[in-house]
Ligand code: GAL
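Here you get one chain, nothing else, as C-alpha cells; it is the form predicted alone.
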Amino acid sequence: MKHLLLIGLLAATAHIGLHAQTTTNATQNEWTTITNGNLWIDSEGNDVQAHGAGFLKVGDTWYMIGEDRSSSWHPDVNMYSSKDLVNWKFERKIIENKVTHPDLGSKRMIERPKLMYCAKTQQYVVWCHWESSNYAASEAGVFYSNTVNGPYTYHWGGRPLGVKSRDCNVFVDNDGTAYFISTIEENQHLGLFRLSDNYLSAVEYTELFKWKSREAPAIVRVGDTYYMLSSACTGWDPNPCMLSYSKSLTEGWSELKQVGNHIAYDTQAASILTIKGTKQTTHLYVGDRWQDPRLPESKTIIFPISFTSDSCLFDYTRQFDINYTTGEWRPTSTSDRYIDKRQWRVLDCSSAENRQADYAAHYAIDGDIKTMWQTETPKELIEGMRTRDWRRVERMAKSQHRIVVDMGKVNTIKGFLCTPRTDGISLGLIRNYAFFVSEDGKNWEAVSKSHWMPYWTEIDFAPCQARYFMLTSNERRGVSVAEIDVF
C-alpha cells in the first residue's frame, strides 16, 4: 500500500481512547459499548500502536498485534490483550528493531503482521510483509514463539515460492489449514499461499484477481462460503472496499462488488473477527483509518457487518453495544448525550444546492442522517475545473462555507459531531474546519478549529456557554453534511 512518503496534515487530535461502558441486566448479560473515531488508549494511558492489526483469541482473551508507528518508518510489532476489544493491556514488543533481527529498523521494516496458532506444533506464528525502505524487496517474513506474548524468533524472510509479495493477511480454515494471502508481482494480482503443516513456509500458491491490483485482503468463512474484502492500491488514500465470495479458496471467486461508501468510511480492511454467542454470531470488521491526521495517529475502526449468500451488509456504525455472551449487538442510544434539537433553527448558510429541495440547510439539523445539507457548487468553479484553469479553481476554493444555527436557548456545551453524507458518496467531506459559538449571535469565539476533522468523530472542546454555533469549512468542491449534533 505504501509507496510514497506523504506529508501528514498539520493537526493535533485529542488522545481520547475507545470508550467502554458496561451494563448488567436481570440475566447478568453484559453489554460493551464501542465508539469509533478516536485513538485507543491502553491501561497505562499510552496510545495503542498496533496498526494493520492482526487478532487471535486465546480462551476468553483477544490478542492484537500491529505496527508501532510512533517511529513512522521503523515500526516495531506491539502486542496488546483485551477481554472486550475496548480495554487494552500492553503486553510487549514481540518483534523489536535491532533485537529480533539485526536488519530490522535499518535495512528492513515490517508491515501488516498477522498472528496464528498452529495446533500441531503448539506454536504461535506471525507472517508479515518484510520490506526494504524503497519497497524493492517485496518479501514476506515469518516469526514464531512457544508463548502467545513472545518474544518471537525470526524464522525466515524472502519471496514465498519465489513470488514478489507485499500487502498481506492470513486465514486459517476450519480444518486447520493455514494460508498467507498477499498482493503479488508489483501489486498486479493476489497470491493465495497454502502453508505447511507447521505454518512456517509456503508449499503452493494460486493467483487470484489477475490484473485487478487488489491489496489489504481479509477473508472470513461463513458456513460453506468464503468472503473476501479488499481495496485498490492508492497509496495511503482510502478507496472503495470491494467484496468477492466463493465456495472454494482457490477458484470461483465472484466479480468484485463495492460495499460501503466511496472511501469505505475512510478505512482499509485489516481483519474480520467472528463473535460466536449463545444467540447469534456477529462479524466485526476491523479497518485502519490511515493518516488521521498523520501516520502515528492512524485510527483502528471496528463495526458490525453481516453476510448473505452473495452480499455483505457493510454500514458504518460510529457507536454500538455488543454482548459477547449472546453475540448480539445494537446501536448505542445517544439521546441523553446530545442536546434536543426541537428548538433549533438555521439562521444562515453560505449556500444550498437549489436543484433538489432535499439539499436545504435545515436537513443538517433534522435528526435524520439520511437527509443532508449540500452547498451549491459555483458555476465558476465548475467551469474552471472543466477548462483546467487551476488559478480560477484555487480562487474559488478559498471561499468559505458556513452554517449558523440558533439552539433556542443558552446551553453548556463541550463538543460536536458532524456526520458526513451517508448515501455512499464521499464528496463534500469536511476536513479543514472551524467551530464558533456565541451567546448573543454577535460576538463569536472559535472553540475548535483544525486542518483535519476526523471522519464521523466527536470533537471535544472546553465546556462553554452558547446559544448559537457556526460551523465553517474551506473545501474545494463544497460541503455535504448529513447531521450536526452538539453535546
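Note that the structure is predicted; figures quoted are calculated from it, not measured. The numbering used is simple: start at 1 and walk along the sequence shown.
Heads up, the form predicted together with the named molecule isn't pictured, but that's what we're talking about next.
Annotation: in the predicted complex, residues 135, 167 and 235 each come within 4.5 Å of the named molecule through at least one heavy atom. Residue heavy atoms within 4.5 Å of the named molecule in the predicted complex occur in exactly one stretch of 362 to 370, 400 to 408, 218 to 226, 107 to 115, and that stretch is 107 to 115.
Put simply, residue 268 is close to the named molecule in the predicted complex: some heavy atom of it is within 4.5 Å.
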